[in-house]
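Starting off, we have a lone chain in the form predicted alone, written out as structure tokens.
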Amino acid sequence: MRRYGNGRGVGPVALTVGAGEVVAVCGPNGSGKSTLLRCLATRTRPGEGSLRWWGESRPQRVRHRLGIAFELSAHVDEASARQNLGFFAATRAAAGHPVTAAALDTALARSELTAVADEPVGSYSFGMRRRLLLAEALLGEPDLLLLDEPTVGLDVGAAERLVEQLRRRVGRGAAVCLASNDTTFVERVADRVCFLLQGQVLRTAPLRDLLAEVQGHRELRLRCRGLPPLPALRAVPGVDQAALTTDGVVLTALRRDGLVADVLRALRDVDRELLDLQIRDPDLADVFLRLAGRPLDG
């Protein structure tokens, strides 16, 4: 458990991450995702409770087995990508896990940084720096990967390559714990999902079990002129949840004929003009909405 003076933080949390497993931690901003990862990364000590890595409770004994990619960059801007990676390789080697020059070249190639490998990192775009950050974390085959919002700044191709690399590492027995609200990415890589809300575990379950709970449902996101009429929308037959978002309302409802017509009728009955309507099949965000009564991204 780790709490700060403003009451925010995380815990108590009971969570295990096994070899060959990806556990995704999801929750709104301020729910404690990053704090939990910082504790696992030995950067923050829990105020109460204990952490163990492969049965070991002393952080200094396990740091060489961790691969860490947080939102804040650890790069030396004046150095090149090759030099930054070389520094991480040297730290791995000092811990008894040498990284070959060929492995460095492979890491640069997979990150699509070969062409700029000898240019200062300070000249890189945000996306290039993010790719380098992930390359540093993956370097040297760490046993546990801790990734905070790993898809931020990545284009579609880079995100796809990350999915492939994580699958490859997990296939070799690595464990992965990542914090992300990118539900498309999480659904592609996670074995289990831990939902956090205000520092507390809302639910932890296998991904397939969570997604099964919203089969046969639809998600409707709508904007209307004036204050959204939540009571009227919640009264529409089949609607399970109706919650405010930053720009409108999100509904989850049973898939049925006439659902959209009934939603539109409910708006007309209270004199609300519809400005925008999006309909899609539900995902993990809708599971969270059902559990918490509020949007994952709200």
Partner chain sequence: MADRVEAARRRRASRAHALLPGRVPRWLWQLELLSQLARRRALAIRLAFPLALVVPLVTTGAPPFFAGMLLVVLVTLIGTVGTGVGVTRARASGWLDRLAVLPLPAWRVSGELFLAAFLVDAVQGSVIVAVVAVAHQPGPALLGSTWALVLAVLALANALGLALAALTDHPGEIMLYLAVLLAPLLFLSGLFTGVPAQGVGHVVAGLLPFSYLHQAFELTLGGNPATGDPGSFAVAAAITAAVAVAATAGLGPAILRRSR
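The model shown is predicted, which means the values in this text are computed figures rather than measured ones. Numbering follows the first chain given and starts at 1.
Note that the form predicted in complex with the partner chain isn't included here; everything after this is about it.
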Tell me, out of 95, 152, 202, 163, which residue has a non-hydrogen atom within 4.5 angstroms of the partner chain in the predicted bound form.
95
Counting non-hydrogen atoms within 4.5 angstroms of the partner chain in the predicted bound form, say which of 182, 136, 219, 143 makes the cut.
136
When the contact criterion is heavy atoms within 4.5 Å, does residue 119 count as touching the partner chain in the predicted bound form?
yes
Is residue 46 close enough to touch the partner chain in the predicted bound form, meaning at least one heavy atom pair within 4.5 Å?
yes
Given that the partner is absent here, does residue 83 sit within 4.5 Å of the partner chain in the predicted bound form, heavy atoms only?
yes
Any of the heavy atoms of residue 63 lying within 4.5 Å of the partner chain in the predicted bound form?
yes
If you check in the predicted bound form, do 195, 207 and 278 all have a non-hydrogen atom within 4.5 Å of the partner chain?
no
Which among 22-30, 36-44, 260-268, 235-243 is in contact with the partner chain in the predicted bound form, heavy atoms within 4.5 angstroms?
36-44
Can you tell me which bits of 76-90 touch the partner chain in the predicted bound form, meaning any heavy atom within 4.5 Å?
76, 78, 79, 80, 82, 83, 84, 86, 87, 88, 90
